[in-house]
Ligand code: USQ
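A single chain, nothing else alongside it, follows as structure tokens in the form predicted alone.
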């Protein structure tokens, strides 16, 4: 199918574009380099230099013979959205085009307003574009497990059946976000659910856990095609950050007791989850929700795994408990359901010592690029 990837320059967007293209889909990407601009403004460069999208597209074609169409523009601007949708006429849309970082969204008022404006306006524009230009298209929106928070009951896969005073109804599972970023993701879900009911859209909402990893099948032959790899507190996911800290000899920063539990997945599984969702289209007028993760860990368990893997290559990894800068429970019940994607055929890649050793060895090759002053920024809320 023709698949349009919004936010195609990002940590997940670019690998998704290559993966879908390699699987035979016709792919286009659009991005306005927002993540790169925010990294420059906050002085948090990724571990290694990443070519711009024009160069990435050229490298991909030179290596594989496959072409990825490219659009540069801001999806909060309707003229850009209209141009892209008219030119490409997508049958599937993968929506990554959001400010993706909880800590950045809590940095200050400016960052908060940028997050709200970018995330919600982009989602609204996509909804209106689908209705006007490709009403049968399937929107796959990347949500987050963080929408649910950490309730003291099992987390169902998007929906909750409620019986109240003898009557029954099905509702979206209650959300209780822990940051402004996660709150905008809840608003995305509510916008999509409203327009699914009103206009009969087809939507899959992927409640994704934190992603880790560097390598995908499509990058094995050319490291210039690797995704962004941030290791700072603002944009670096926790396990990626811990791996860099281990190589740098910087103690792993465990917030509080380290009992915060989340669902994690390898970047390879993200690509497969998105592809499986696209290739198994839901019915018209359906909001299908999958909880997208493969394993749950506490932060302390992640730190111990990194320390164990570090020993394999001679690293003496220290763990340091620091005051938690976030308003969150440090010990809590956490039991989310995640069967939908497994039923579609997902074959998980689990977090093993070997996986972590490969990451540590790769980061070690780029050790001279690590700036310890960029790791911990003390964003608190």
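Please read these numbers as outputs of a predicted model, since none were measured by experiment. Positions refer to the first chain, counted from 1.
Below, we turn to the form predicted together with this ligand, even though it does not appear here.
- This chain appears without its partner; in the predicted bound form, the one residue of 227, 310, 209, 158 with a heavy atom within 4.5 Å of this ligand is 209.
- Proximity to this ligand in the predicted bound form, taken as a non-hydrogen atom within 4.5 angstroms, holds for one residue of 260, 184, 122, 291, which is 260.
- With a 4.5 Å cutoff on heavy atoms, residue 204 does not count as touching this ligand in the predicted bound form; it lies far away.
- At the 4.5 Å threshold, heavy atoms of residue 193 stay clear of this ligand in the predicted bound form, well away from it.
- Though the partner is left out of this view, residue 36 does not reach within 4.5 Å of this ligand in the predicted bound form, counting heavy atoms only.
- The closest heavy atom approach of residue 264 to this ligand in the predicted bound form falls within 4.5 Å.
- Residue heavy atoms within 4.5 Å of this ligand in the predicted bound form occur in exactly one stretch of 249-257, 274-282, 214-222, 69-77, and that stretch is 249-257.
- If you take 141-157 and check each residue for a heavy atom within 4.5 Å of this ligand in the predicted bound form, you get 144, 145, 146, in sequence order.
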